[in-house]
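As a starting point, one isolated chain is supplied in structure tokens, in the form predicted alone.
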Amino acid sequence: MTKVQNVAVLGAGTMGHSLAQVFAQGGCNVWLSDLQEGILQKAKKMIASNLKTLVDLDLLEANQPPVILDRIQTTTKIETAGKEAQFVIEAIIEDIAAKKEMFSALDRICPPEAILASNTSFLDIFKFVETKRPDKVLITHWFAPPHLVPLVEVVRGPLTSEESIDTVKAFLTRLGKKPIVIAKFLPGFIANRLQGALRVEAHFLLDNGYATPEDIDVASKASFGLRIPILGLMKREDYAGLDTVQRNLNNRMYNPPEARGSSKTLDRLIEKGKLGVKTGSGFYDYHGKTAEELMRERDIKLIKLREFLRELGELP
């Protein structure tokens, strides 16, 4: 395939609007599609807000947001979004039937050379999507917010061609991302599996009264969380000494908690309507701040940390 220039993003929610921004900032022509015009208008406002944050932090020239926004067109018709696309990514709900229908439609609509990608976190799309181009079907799993987090996990299907993998890796690298290739499907891939193990342990501590949410956050941020951006997990073991790591693995006093699929603490909060940032409270009370205000605060901190790690050579 020639250099990817035309991109379609299906689904304009939390991930989709940010994905469209990534591609537009990378100079691509982007069609952003969703079922409702209201969702699309909100997405454009979110992208504009994200770009303003970058300008405020001197990471983007003041004249660039209008140029970037002009590269993004919106539509409620996937026929319009996909007809000239070279790379397509769906970021719709995690539902097998919905994704199967979406890929079938995209296969009919998109040019035969177009690569079709899913942003799924856990679904094995290779078992149920049906297209005439299985060599061009893969997963690109991004992390929220995609316009700030560098990692993209590229997951190869049993029939995905090496050419498709190479094209997507080169494309993502051009966009300033850090792609890694997962050789075959595994639910959760790498990062979500690691996060999932931490989540099970955190809720075990909460549900059994060992710690508060604040305790858990301080413990994670002020200890291993501080090391992770510099050492990761495996290099950390080199620093600890692999003989020490082996002894720790042999420590029978620690048994990981069973993944029960539920949490008493979460159940209580949800019953009270405390769903997190989107409702103004969850484990924490956000004291009347809007979701937009809170996400802007988060993004500014992420950007500053990312730029610092780039200076250290730890991120692309």
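Position 1 is the first residue in the sequence shown; the rest follow in order. None of these values were measured; they are calculated from a predicted model.
The form predicted together with a small molecule is left out here; the points below concern that form.
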Just checking whether Ser164 would be counted as a contact of the small molecule in the predicted complex - the rule being heavy atoms within 4.5 angstroms. no
Is there a heavy atom of Met234 no more than 4.5 Å from a heavy atom of the small molecule in the predicted complex? no
Contact flag, Gln86 vs the small molecule in the predicted complex, heavy atom cut 4.5 Å: no
Using a 4.5 Å heavy atom cut-off, state whether Ala144 contacts the small molecule in the predicted complex. yes
TL;DR on 135-143, 213-221, 175-183, 241-249: the one with heavy atoms within 4.5 Å of the small molecule in the predicted complex is 135-143
The small molecule isn't shown here, but in the predicted complex which of Val67, Ile39, Leu266, Ala48 has a heavy atom within 4.5 Å of it? Ile39
Since exactly one of Ile72, Ala202, Ala91, Leu106 fits, which has a heavy atom within 4.5 Å of the small molecule in the predicted complex? Ala91
